[in-house]
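So this first bit is one chain, no partners, the form predicted alone, shown in C-alpha cells.
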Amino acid sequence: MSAASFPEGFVWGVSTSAFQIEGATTAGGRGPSIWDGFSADRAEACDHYHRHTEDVRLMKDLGIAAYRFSVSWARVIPDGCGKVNTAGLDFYDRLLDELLAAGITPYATLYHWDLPQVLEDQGGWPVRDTARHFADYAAAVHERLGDRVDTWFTVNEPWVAAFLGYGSGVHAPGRTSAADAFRSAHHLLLAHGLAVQALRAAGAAKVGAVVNISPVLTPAQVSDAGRELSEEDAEAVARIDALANRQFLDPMLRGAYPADLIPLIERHAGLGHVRDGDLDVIARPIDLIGVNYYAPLVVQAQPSEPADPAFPGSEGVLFCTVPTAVTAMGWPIVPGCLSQLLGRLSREYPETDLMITENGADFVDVVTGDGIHDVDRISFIEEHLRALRSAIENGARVRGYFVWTLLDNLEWADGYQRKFGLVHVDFATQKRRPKDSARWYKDVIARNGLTETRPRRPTLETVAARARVSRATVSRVVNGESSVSSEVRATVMRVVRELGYVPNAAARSLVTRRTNTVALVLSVPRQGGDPLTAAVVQYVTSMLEGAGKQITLMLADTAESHRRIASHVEARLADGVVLLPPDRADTLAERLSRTGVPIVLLGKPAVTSLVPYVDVDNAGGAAAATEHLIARGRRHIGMICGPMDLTSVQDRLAGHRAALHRAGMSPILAPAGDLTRASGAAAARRLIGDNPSLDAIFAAGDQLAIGALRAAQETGRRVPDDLAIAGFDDVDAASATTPPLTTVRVPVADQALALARLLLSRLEGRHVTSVVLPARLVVRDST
C-alpha cells in the first residue's frame, strides 16, 4: 500500500512529565513539590531517575525521533528560589547526553504542575512573586542545559494548574477558590512571559508554551459540526471557550484578555492582580504553541445549572455526556474535533506554528503471555493522526506529533490505575514491556505516515488458513481448551503472534455458543429512580446495539418473574445481564451470579463481592453536603435517613456520620419508612419538635428533602435563615422548590454509560472492577 505521508521533516515523538515518571523524590537533593503530599500513591513512579538509560535505549529501539520531558523545579531549586541544586541538574545533564547519543532531539518543558512546596507555603501561584521566581529558575536551567535543548516550553496546561489546582481542588495543591484560580491563571501567564524573556536573553532559539485546548460544542454539534445554535447555546459555548481556551491563547498571542472574559475575572477576583505592562510581557513573541488534545468540551444552556468549580462563572451551563465511544477515563473519542481545532487555530493565529505535544488514551490493558494487544489505543492514535493529516492538507501549520505517553505512569490524582503508555510498566518490578501500539508507532515513524487504507485486522479465518486448521480449532486454542494437542496449539499461537491477531467475541463464540443477546433486567425502584432507569435504557441500549448486541428487556417485579429471568439466563439465552437497581433484599443478583454469565449491577449490592457494579460515591456525597452545612455555621444537624435496608441510604448515613465525627459533632437521626415527600415531612416535623435548636437537615433523598421544606414552612421555620436543608440526587424538581434545594448531584448518564462499558469489557473477557463515580454538591438557596 502507498503511504499517507506527512510533510518532510515532520517530528515524531513521545511526551512525559517529571513527577509522573522520575520517582526518586528525595534523591540528589530534590525538595518536595505540591504533588508529593497531595498524591495518594507513593511517587516511585517509573523510577526513570535511575533507569533513564534503559528508557532512552527503549525510545531508540522504537525509532522515536524526539522526546518531550519536563524538568522538576523542586529538583533544580528545592526551595523554589535561591540556591541552585547542582546535583539535580546533573541528572538532566546525563539524560540529555543519553538522548543526543541516541539521536533523539530533546524538547524541555520547564513547568508541568510540580510547584515546589516551599513556594506554595508562601502563597503559590495566586502570589505574583511565584512568576518572578519561575523566570529565575528558567534562567538557571538554560545556563546548564541550553547548549543541548532544541526547543523550550515554558508552562504546560496552565488551565489545569490554575483551575483544577486552585478552583475545584481536584489537583494539587487542592485549594478551592475562584479568586485564587483566576489569579493563578494570570501569574502562570506572567511566568511564561518572564521565562520567555529570560530564555531569549540567554540565547534560546526556539521557545513556546503548551496549552490544553478543547473545542467547545453542543451535543448536537458533536455529530453535526455545522449545526446552528440557539442564542442561549451560542452564549454558553462562547463563555466556556473563553474560560478554557481564549483565556490563555489571546494574552499569549494577541496581548489581551478576551473582552467577554474580563467581567468574569473581575466578578470573582477583581482586576488588581493584572498590572500595567503585564500583557506586553505575556505576549513576548514565541516560535510555537504546543497543543494537548484529548476530547471536546460538550455543553448546552441550562438556566438552573450552578457553576462548575473548575469553570468559575459557568452558571447556567450544563456540561454534557454524549453517547459516543469513550476511553477508560470516560473521555469521549472524537478525532474529528482535532481537525476542527487545528483549523481554527491556524485561522485565528496564523503566524504561530503548532505542534501536537500530547495526544493519547487510557484503556484497560490485558497482559498476556504473548504480549499486550492494545488494539483500542492503536485505533485511537491512528484516527487522530488521520484527522491531523487532514488538517495539515487544509493548511494547518503543524510541525510534529508527540504521543502521550512513553510509559504507563503515575497519573496524578488517579494514581497507577490509568494506562496511557506505549510501554507497559510492572510497578512491582519496574520491568518495561512494549505494547503492540509501541511497535505500530515505530512503523508509522519509519514510513513518516500511515497507510492510505486502514489495514484490515487479522480475522479468525486468516489465522485458520495460515495455520491450516479449522476455525473451531483456532477458537479452542484462543479459549484455552485442553482438547487441542500441544503441536497444533504451538502452530496456532505462532500464527497468532505473526499476524498480531486479537481474539474477539466471534472467535470465542464458536466454543461458548454466544447468542449476541444481552438481557436488560429492570426492577421497580423505590428511590424515585425513573430518570436513572430511563437513562440506562437509552444509553445502555444504544451502546450495546452499537456493539452488535440484541437487547432483551425483562421486568423483575414478582417472584415468578425472578424465576423466569433466572431460567432464561441459566439456559444461556443471553450472553450477559445488566440488572438494575438492586433495591430489595432479594436473591436474583446472587442467583444470576452463579450462572457463569457475565452480569453487571446498577448500584452497590449488599454483598459487594458478588458481581461488578456501577454506583456513585454515596458516602462522599453525603459527607460533602454535611461539611457544607458545617462550614455555613450549622451546629445542630439532623438527618432524615430513609429506609435502612437500602445500601445507598446506609452509605449516605455513614458519610454523614463521618463528617460529623471529624467536626466533633453527634448525629441526630430520624428514620423514614420510604423515600416520599410525605415521609420526609413527617420525619422533619419529628426532628423540629424534638430538637428546638435544630438548624439544619440533611435528607437521604431529594423527595425527603422537599417534604422537609414543606414541614419547615408549616412549623414557621424560615429556610435557610432558621433552618438549612440539603438533599441528595438532584431530581428535576430540586431546582424549582422554594427556595431552590441544595443537593448532591448523581451523574445519571455517566452511570448508564459506565454500565454498558463494564458489560462489554466482561463480554470480551477482560478483568474489570466495580466503578464508583463521584457525586457533586450543588449549592442553592436552601442552605
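Just so it is clear, the model here is predicted, and its values are computed rather than measured. Counting begins at 1, following the sequence as shown.
Not on display, but discussed next: the form predicted together with a small molecule.
Chemist: Heavy atoms within 4.5 Å of the small molecule in the model of the complex: which stretch in 569-577, 141-149, 404-412, 491-499 meets that?
Modeler: The contacting stretch here is 404-412.
Chemist: Would you mind picking the one in E358, E98, D365, D278 that has a heavy atom within 4.5 Å of the small molecule in the model of the complex?
Modeler: Filtering the options by heavy-atom distance leaves E358.
Chemist: Which of Y257, Y92, Y137, Y294 has a heavy atom within 4.5 Å of the small molecule in the model of the complex?
Modeler: Only one listed residue qualifies here, and that residue is Y294.
Chemist: Though only this chain appears here, would F311 touch the small molecule in the model of the complex if you measure heavy atom gaps against 4.5 Å?
Modeler: F311: no, not in contact with the small molecule in the model of the complex.
Chemist: I'd like to know if R75 sits close to the small molecule in the model of the complex, meaning any non-hydrogen atom pair within 4.5 angstroms.
Modeler: Answer no; every heavy atom of R75 is more than 4.5 Å from the small molecule in the model of the complex.
Chemist: If we define contact as a non-hydrogen atom of the residue within 4.5 angstroms of the partner, is H112 a contact of the small molecule in the model of the complex?
Modeler: H112: contacts the small molecule in the model of the complex.
Chemist: Find out whether any non-hydrogen atom of F420 is located within 4.5 angstroms of the small molecule in the model of the complex, and reply yes or no.
Modeler: F420 belongs to the contact set for the small molecule.
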